[in-house]
Each structure stands twice: as structure tokens, then as C-alpha cells.
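Just the one chain here, the form predicted on its own, laid out as C-alpha cells.
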């Protein structure tokens, strides 16, 4: 066996059934091809080390699949970005939110703590030869602590000027903020992600103000104002059982109403709060079909559809911030590898706390714990047989692939697998096949439920 191999020496070649053919993939060389049943069987025999040579017409494909194939990248030497959770509190009461924002302590981060951590972060970036210092404001609702956001932005801009770095600011917001903040957000934040769950009736059922009233009208007004500023705008829709069949219509409606660049779809992670509101996770195949249809419509308007775990980015060892070494700074000065409440980690047997920062002193990072967190990206037995192992790479390490999770694909896995295969077909330019898949649930299920995608050792053969 030559060429493509992961860190365990296993071949990273996959074969996925698509309609009446097979999609052959090397995610490390980003080679993809559609072949028939006989061809995939011949490739599988050759991958197993069979002395029988490949037919001439398949030899060129084999070379493309295996040429200069790199092994998996090592874990990051340091964080890819600094995420600042100024408050965990929020000014909205979304019916499916289980972050306990309504009950969160009113504490707000001392901005000096973020500045100290930015100093440390900048020094590490310079040492690694990187040029961009990324800061992501998150929450709760980060603009509840507006003065903290403003202070950190100005400090980091000054820091980058001194250290010859380029600042990049991201903001994830519910969009229901005072319009007087728009000039600063629009001019100083590079990328703004605004949550909007669909048309007004759907959004206002899900995402409410504390008095139970709707929030769509105020958010829409802010989006229209932000469109005149240079910030990149991304709309994010949380898709539920009630909205999954309208995904394409929502995409078309957003494109008509707003001026933005990216639309992100995220399936609801079902919880006790959502169940009380009558909301559940969307059917995975309806979600996949809806995303594919929305992608076709949005592309005509120059809008890109994003679904994080299904992005054809890689090869990567994680699509989760935890696996990318991200530092999350909480309102009490605690540094963690994950933004979720620590009780969520602990319930999974994880300790993701990394250290602390003192506003008047320095930064303390427990490198031993950081190394343990980095090792989690290698311990995902569910992913071993999946062709998405170098793109999705396991998803959330807390909720989707925690240590000891079932090896069976969960509902999110099924959607990710169906979407990723369809996007690979788009990469081949086969829009007709994508359209067929979007309208044929059984074909999506055949892809998603295929038990083992590995080509070698007979695993991927019919």
C-alpha cells in the first residue's frame, strides 16, 4: 500500500454509495471521482495489496488519490483565536436556550483581563510566525457588556500596531441591540454573525424578549442599517422540527430582504427547554435536503451557505473550537477550551479548564491540561470508518463525540454525511445528482447509513 495514510498507518481512501454509482475520495489529496461498482471493487482489491494490477483506466485515478498524500496535521501549537465571553447573561429569552442565560450571574468581565490575555496571545502568535490576531466576542449576548467590547477592540488594535500584527474581530450577537451601537459594530468588527430563525412568525416564537414579545422587527432594522457598513454579515438560523421544511424558502426570503454574504444553518441540539416549547431536532434527512436546496437558491444571489461540520475544509483534525486549541475567556477571568457551562463538561467526564488571567497580573495556563485537551482530537473511535473524519472530524467534543460515546452514528452524523457527500458531488460539477439526492430521501439514507466507508481491506466494497 502506498500513498495516503493517517497517523495509524491506515489508508485514508473512501468509497460511498451515491445513487447507482460510488464516490471515491481521498480527503488528504482532495481527489474525488465517481466510478461504477466494478471500478470500486478493483480499487479496493488493489488497496488491500492484491497482486492483481489495476486496469489501465484506473491507474491514473489511483495516482491522483495517493500522490504526495500528507499525514494528518499535528495538533495546533497554540490557540487559533481568543474567544471572549464578556457576560454569560443575555437580553433575550429564547425558548430553546439551555445556556441558563436568564439565571446567569450578572458578572461582566473586567476588560483588563482580556487585555492581559491578548498580550500573551500576541506573543505566542509572533513566536509561531503568524500575522493575524483573531478575537471573537461571544456570550450570552456580548453587547450587553458594550463598554467591555469597545475597550478590548481599541486595546487589541493598539497592541497589533505595536507588534506588527493584523487584528480581526468577530461578533456573534442576537441582533437585538441599541441602534446607536451600529456605527462602531459596522466599522470596527470585521465579521458579524446575527441569529435570525426564519420569517417573523417563526423567529418570534423561538427568540423572544424578556416580556415575551417578538424581536424580529428590531433585528431586521439593525441588519438593514448594518448593510451600509464594511462589516461582513452572516445570518445564522437554528433549524428545528417546525422550520426544517422551510429552509429553502427562508434562504430565498432572507436573500430578498437583506444584504449579507453568508447564511449558516445549525440544527437544534434538543434539550429540556426546547422540548417544553414543543421544539425538537430536525429530521436529519429533511435537514440535509433543505440545506442542499437552499444552497442552490442562495448561490444565485451570491450568498454562501455554511454548515460548519460539512465544510470541505481540510484535512483537519477537528471542526470544534476545542480541537483547535481555542482559548475561551469567561467573565470571571477563567480560561477554558470550551464555551459551554463547566457542568456540561463534567457530566461527560471532561475537565476543560485551562487556567486563569489576573487583571493586574499575568496569565496562568496549565500546559499539562492543555496537552490533555489536545489529545482528545485523536480519541474518536466513532469516526474511524467515516469518510468525514478529516472534515467534520467528530463535531462537538462535549455533545457529539465525548469519550466513551456510542460508536453508532447519531442524528447529526447522518445529516453531516449526507450533506458532505452531496457537496463533493457539487465539487465534481454534478448538479443534477445533487438535485436528485435532495428529492430522494432513500438515496440520502443510503449514503448516511453506509456502515463503513473505508476502501481498503474490503470495507468500502459493495
Partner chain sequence: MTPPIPRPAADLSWIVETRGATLIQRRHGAVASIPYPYAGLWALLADGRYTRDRARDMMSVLLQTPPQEAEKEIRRALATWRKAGFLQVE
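For clarity, every value in this text was computed on a predicted model and none was experimentally measured. Residue numbers count along the first chain shown, from 1.
The form predicted together with its partner chain is left out here; the points below concern that form.
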Stretch in contact, per heavy atom within 4.5 angstroms of its partner chain in the predicted complex, of 202-210, 267-275, 155-163, 342-350 = 155-163
Answer key, its partner chain contact in the predicted complex at 4.5 Å (heavy atoms) among 364, 180, 132, 367: the residue is 180
Of 167, 107, 308, 314, the only residue with a heavy atom within 4.5 Å of its partner chain in the predicted complex is 167
Its partner chain contact at residue 115 in the predicted complex, heavy atom, 4.5 Å = yes
Indicate whether residue 257 is a 4.5 Å heavy atom neighbour of its partner chain in the predicted complex.
-> no
According to a 4.5 angstroms non-hydrogen atom cut-off, is residue 301 in contact with its partner chain in the predicted complex?
-> no
Flag residue 261 as yes or no: does it have a non-hydrogen atom within 4.5 angstroms of any non-hydrogen atom of its partner chain in the predicted complex?
-> no
Out of 380-412, which residues reach within 4.5 Å of its partner chain in the predicted complex, heavy atoms considered?
-> none
